[in-house]
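As structure tokens, one chain now follows by itself in the form predicted alone.
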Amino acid sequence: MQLKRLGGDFALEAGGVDLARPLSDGAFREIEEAFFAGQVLVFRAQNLTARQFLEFARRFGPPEPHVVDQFHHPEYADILILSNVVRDGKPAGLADAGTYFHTDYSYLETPARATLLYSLQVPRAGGDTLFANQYAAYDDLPGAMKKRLEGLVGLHHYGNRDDLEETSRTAASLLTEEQKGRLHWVRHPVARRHPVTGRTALYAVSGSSFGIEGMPEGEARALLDELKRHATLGKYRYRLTYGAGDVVIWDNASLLHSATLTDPDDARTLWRITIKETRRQA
């Protein structure tokens, strides 16, 4: 495996790997180490079946099917279909998913370790993913702010606190009443120790965080908004452009990410698998 740095301080591209072939334990350890070191790891021009994609994803941990179950893959519920394609008047997948900075599954008690995307159809323009390095964002905070964040616990729920209009393209994907009933408020540290690397990162300060435990609503919102502005500055970002067949895996515990809007008539289709954390932070 050859590694090439993509972003300034994070994001790696792995060459010389065919994910359709069986991976030895040693080869997978090398991939996993590169993943945690790089935070974003990209494999270009792969050719995978749904089963092969899922088998690779499971090496990182147990998948968690997405709450939007009407767009699960017909054979493998762990795969969510992301697509703006419409067939016979019906959407082929979930369109405009996550077009705001967020962290996957931060609205669940056991959050996501990793998300994998497999790019099947690439639009002529757009369709990139923006990433923001939350290790670096935390490291750059003034000492007084780091002290203020010690022990603070964010209150999370499904949604985008900056856009609650359900019909908006930048709101969280629309849920049915039954799907909403499966979700509840959860708690996560605002500055969270990564359960694998041990490094501290800002955690989901954009997206699902709606409050801070024990803090008045206005004060909590102001602090979260201040942290979000800092955490998504250009110097912490990397923009990933996809080609057909690309597989990307990213570390939800150390990143924010955002999809970018595309022309609804410009076809884009991806498969997504999200892997749960298997250990809690110390």
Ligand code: SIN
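None of these values were measured; they are calculated from a predicted model. Just count from 1 along the sequence shown to find any residue number.
Separately, the form predicted together with this ligand exists; it is not shown, and the next lines address it.
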TL;DR on 198-206, 102-110, 143-151, 70-78: the one with heavy atoms within 4.5 Å of this ligand in the predicted bound form is 102-110
Answer key, this ligand contact in the predicted bound form at 4.5 Å (heavy atoms) among Gly93, Gly159, Gly98, Gly211: the residue is Gly98
When the contact criterion is heavy atoms within 4.5 Å, does Thr129 count as touching this ligand in the predicted bound form?
yes
(request) Answer with yes or no whether Ala259 is in contact with this ligand in the predicted bound form, where contact means some heavy atom within 4.5 Å. (result) yes
*Hey, in the predicted bound form, is Ala114 touching this ligand, heavy atoms inside 4.5 Å?*
no
- Task: Please state whether all three residues Leu82, Arg268 and Arg272 have a non-hydrogen atom within 4.5 angstroms of this ligand in the predicted bound form.
- Result: yes
